[in-house]
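Just the one chain here, the form predicted on its own, laid out as structure tokens.
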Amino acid sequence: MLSRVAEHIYWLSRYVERAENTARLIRVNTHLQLDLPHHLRSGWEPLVAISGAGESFHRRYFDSREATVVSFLIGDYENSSSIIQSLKWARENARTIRDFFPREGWELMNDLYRSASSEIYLGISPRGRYNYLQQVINGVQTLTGMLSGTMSHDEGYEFLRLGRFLERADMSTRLIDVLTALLEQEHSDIDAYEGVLWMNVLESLGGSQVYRRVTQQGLRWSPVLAFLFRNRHFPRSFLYCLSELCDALKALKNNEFALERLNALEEHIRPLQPDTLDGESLHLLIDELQLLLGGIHQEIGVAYFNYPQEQKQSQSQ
């Protein structure tokens, strides 16, 4: 397979996954603003930092009101992490490899981008936001399932998996960060709402029902973190994403250095004991995990996309 084609598949997958995860991030924060009393709400600015676009946002905007942040995360074409920009770049990558990409996939990708771009105003509006975000999530899930059922599971499909699960692992940790920022607030009654906070995070990842069935425990810090980080069967847990990355890399040649990085990351997460973590140490752990994920991305780029060793990625992470 040509390096150029492999890179387009990889970034197509990352951008599609990013659009879905950003939709989930906005949705969980919208729910939290409704479920928490006013004095416990963290507002909307933390989402800008979590998305990694804080510098771009503050350079252009002077307030962090709901409408401003949601507009920035959904429909800002200058924000590389916005839903609409992610879908735009995913569509562009798909267009570039139309001979390789299934025709049905191209049609779904095109329809998803067109509907999302024409209805941005619904996403920004509190009344239409839930349906808009759910439409994006459902569209991405449909596209992912269709590609799984129609693409040849050869090298190209492995690059699709690499992009998907690397992006998912990164954003799942960012979603956890939303909650821990709230739990660190110095309010005497924050503990009374811990279950509400964890339920929103699990719902945002589609894991509340699975969590109750698998763990049969309450919504508390330690069991929820253990589930989100170390459960080997839930598709959005951190360890599951690493397992999928490992399988995809093993199916490719020239994988030695990327696998070394991945194994180091697994060794970092395997002995994790959530009950020993407080908010600050969890933030530091998440920062370390995201840096290690960035290292895996770099090794993939060097091995398969002809990136120089120290080159920053050519498209936004």
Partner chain sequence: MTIQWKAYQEKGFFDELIGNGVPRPAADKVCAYFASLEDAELQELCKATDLVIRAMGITFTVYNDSEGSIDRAWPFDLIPRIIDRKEWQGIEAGLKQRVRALNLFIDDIYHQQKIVRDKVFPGGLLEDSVNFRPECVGVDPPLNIWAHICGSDLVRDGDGTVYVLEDNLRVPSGVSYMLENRLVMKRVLPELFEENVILPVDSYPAQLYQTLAALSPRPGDFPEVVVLTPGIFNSAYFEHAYLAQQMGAELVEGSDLVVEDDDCVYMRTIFGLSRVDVIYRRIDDLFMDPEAFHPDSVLGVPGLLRAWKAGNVALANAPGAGVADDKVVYAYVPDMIKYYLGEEALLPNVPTYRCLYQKERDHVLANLDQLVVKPANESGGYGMLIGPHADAAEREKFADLIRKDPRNYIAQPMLKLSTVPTLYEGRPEGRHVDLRPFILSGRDIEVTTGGLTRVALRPGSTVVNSSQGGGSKDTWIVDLQ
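None of the values given here were measured: they were computed from a predicted structure. Residue numbers count along the first chain shown, from 1.
The same protein also exists as the form predicted together with the partner chain; that form is not shown, yet it is the one meant from here on.
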| query | finding |
| --- | --- |
| Heavy atom within 4.5 Å of the partner chain in the predicted bound form - residue from Leu252, Val48, Leu32, Leu292 | Leu252 |
| Candidate from Tyr157, Tyr193, Tyr130, Trp106 lying within 4.5 Å of the partner chain in the predicted bound form - any heavy atom | Trp106 |
| Partner contact for Tyr307 in the predicted bound form: the partner chain, 4.5 angstroms, heavy atom | no |
| In the predicted bound form, Glu78 touching the partner chain (heavy atom, 4.5 Å) | no |
| Interface membership of Arg98, the partner chain in the predicted bound form, 4.5 Å heavy atom rule | yes |
| In the predicted bound form, Glu119 touching the partner chain (heavy atom, 4.5 Å) | no |
| Which of 167 to 175, 142 to 150, 84 to 92, 211 to 219 sits within 4.5 Å of the partner chain in the predicted bound form, heavy atom basis | 84 to 92 |
| Contacts with the partner chain in the predicted bound form - residues in 109 to 131 whose heavy atoms fall within 4.5 Å | Asn110, Arg114 |
